[in-house]
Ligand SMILES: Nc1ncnc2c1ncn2[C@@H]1O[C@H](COP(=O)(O)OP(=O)(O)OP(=O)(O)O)[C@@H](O)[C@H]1O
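Consider the single chain below, provided in structure tokens and representing the form predicted alone.
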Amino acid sequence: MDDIKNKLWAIGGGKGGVGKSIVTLMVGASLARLGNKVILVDADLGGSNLHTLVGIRYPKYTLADFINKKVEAIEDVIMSTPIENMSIICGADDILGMANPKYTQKTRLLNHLKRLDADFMLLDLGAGTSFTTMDFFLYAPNKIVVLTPQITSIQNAYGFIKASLFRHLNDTFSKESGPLELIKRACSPVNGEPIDSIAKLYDEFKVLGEEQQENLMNCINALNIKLIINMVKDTKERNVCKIVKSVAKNYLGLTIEDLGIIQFDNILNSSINNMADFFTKRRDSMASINCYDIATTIIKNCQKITTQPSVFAAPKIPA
């Protein structure tokens, strides 16, 4: 997994309409303009639209062709975009059931993706917490959650983060009945349930021994999640990240990183139907500047990771 610890980034969110695909596209374009080879992967297998945003109306090949083995090599479905250094693998929304690929199909796809020649691969995931979305999100060493300052988006983003954590815990302790029972109680606490936070779950793990307590904390600390707040309109809305980080720390034991904000941009908003034109003529818009700042932060993070010993182990994809 050392080969992909810098380059594979999953971008998810708990709610549709937060601008996740636009953020993926704009951050990818900024990384490309900084001299990196970027591949966007539309991993929203049930409702892909990333190709439309880059001006590709009818993709010649999509992930469906690779998943169903109409093409053998993942390289065959890569398409160029109007942005130099940035290409795209279009999603698969045209085949019934493609939103829920089989275990073997997911494994084959991820194994081929990680071998692609790229400096960065950005996986644009579907909204919500389906098994496939969670599997892709947890597989990537680097995880980004996109949300807006709306209260419903904040609630859904927290729910997405919590779901990913407990999916990760369930996978890690899948063959151990004692830890699994405690994790189940913490995941969906009912009235009067004493295990209503990770701190209390850690205390309950004490009966299982110090080694299991350490395993629990290592599992939690390995979850590298970052936040991007999109469509920010004022100073007050900039504080949304602090709120989510505080709640995630207090209840989930997670240390979440603030990757940056993207201001609401009327220029961008009016250019959604013609993003290719936006990228060539509107590079000085506030949203573009914000995404450039986020891209530089991502590169700096990767440089830090490179100089540190790797402790990352990819979670297994459940059958």
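In this text the structure is predicted, and so the values were computed from the model without any measurement. When you see a residue number, it is the position in the sequence shown, counting from 1.
Absent from the display: the form predicted together with this ligand. The rest refers to it.
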Heavy atom contact within 4.5 Å of this ligand in the predicted complex, the stretch among 265-273, 57-65, 28-36, 246-254: 265-273
Contact of M231 with this ligand in the predicted complex (heavy atom, 4.5 Å): yes
Proximity of A127 to this ligand in the predicted complex, heavy atoms at 4.5 Å: yes
4.5 angstroms heavy atom contact with this ligand in the predicted complex for A295: no
4.5 Å heavy atom contact, V18 and this ligand in the predicted complex: yes
